[in-house]
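One chain comes next, on its own, written as structure tokens: the form predicted on its own.
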Amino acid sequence: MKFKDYSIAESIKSQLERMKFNKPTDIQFKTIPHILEGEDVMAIAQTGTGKTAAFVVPILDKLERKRRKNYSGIRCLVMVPTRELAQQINTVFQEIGKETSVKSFGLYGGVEQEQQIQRLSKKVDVLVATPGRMFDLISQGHIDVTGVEHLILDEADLMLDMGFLKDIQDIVLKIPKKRQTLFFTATIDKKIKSLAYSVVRDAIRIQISPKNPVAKNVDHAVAFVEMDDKRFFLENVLREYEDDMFIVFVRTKVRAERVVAALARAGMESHFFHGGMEQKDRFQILDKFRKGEFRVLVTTDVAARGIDIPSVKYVINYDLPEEPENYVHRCGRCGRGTNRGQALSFCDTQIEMEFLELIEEYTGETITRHEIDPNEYKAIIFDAEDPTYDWQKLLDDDNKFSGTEEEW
């Protein structure tokens, strides 16, 4: 089945065709018909499977067909855990709904309120929001949710992890009981189930690839590289694939900045991205990366969820994550939709073997070992070293894992 075969507005079909969205992904194929029928949906699917379009397409159609009456407030509320995700989902609504009359707006903290208040004073059908700023403006009387027809909770598992349970419960009390609720999550456990069944009614449960949380179109490999040597191997990989886009995951904000500085000394452009940056700077960096103005983004796990840049072909786990779930989310930044991706991890045999074992236990898969010949190992370090700089001095403070620094 193709998008042109769905009973949706022609304006949406034509825009999907222009965007080269022809055939739905598995999650889209299984959820769109139920959403169009007005049913509640609880969907579990790993990252990178096209969950956003799975609700954007049918919700746009429903809002376009059912025009406003006297109610001037928000008709569809999408709650998300991060500012980047709010911005990204709003962009998808605007792109797919370009030829419709539906208006959407992304609301989040970290920016001045005044312009947001001005925009909210005009017609907004779809509000994509993080909880904090949303409740601030509801309490100030700038947002009316009393007539919400559709509630969407996206990345619900991360919302729970970030402590947003009470916010979800509070918003449910403010919106009509008679509504359609869509619940999307990448992982499922007892806490997630409890939350889901408290907000959905007789929901259709849809689960994609339940036995393996890792996206099927991402190839995985691990190379055993000692902590002090990782930067040389990163440089080697980036030079070998000099035309491709990479996301490089590190453990802390300090490491992100130092890896970028070291790559710059080696004549390679990259940019860091982490939770300690001003929000406008974070958006600016992502926008430039998405446009291809640079090809290497070095980031903490703040970018492990909700960042959709289809042109990213490679993920490098410069540091293995302590939480195995984060490995899955990181790797899902490549191989988006129908594209193939490659995830390569550097594993220090003294420090990170435990993390590797936890990841393999969690995914149920053994990650392919990329064996490095000892002579090749030495050659990579020799070729990468720049005699102008004292690399070891740069690494001394950087390559000790304390595990205490805030990454968000």
Ligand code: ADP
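Being a predicted model, the structure only gives us computed values, none of them experimental. In this text, residue numbers run from 1 along the sequence as written.
Form predicted in complex with adenosine-5'-diphosphate (ADP): not shown, discussed below.
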property	result
Residue 295, heavy atom within 4.5 angstroms of adenosine-5'-diphosphate (ADP) in the predicted bound form	no
Interface membership of residue 282, adenosine-5'-diphosphate (ADP) in the predicted bound form, 4.5 Å heavy atom rule	no
Partner proximity in the predicted bound form: residue 310 to adenosine-5'-diphosphate (ADP), non-hydrogen atom cutoff 4.5 Å	yes
In the predicted bound form, residue 3 touching adenosine-5'-diphosphate (ADP) (heavy atom, 4.5 Å)	yes
Contact residue in the predicted bound form, chosen from 336, 83, 75, 271 - any heavy atom within 4.5 Å of adenosine-5'-diphosphate (ADP)	336
Full three-residue contact with adenosine-5'-diphosphate (ADP) in the predicted bound form, heavy atom 4.5 Å, for 147, 150 and 180	no
adenosine-5'-diphosphate (ADP) in the predicted bound form: contacting segment from 33-41, 360-368, 346-354, 50-58, heavy atom within 4.5 Å	50-58
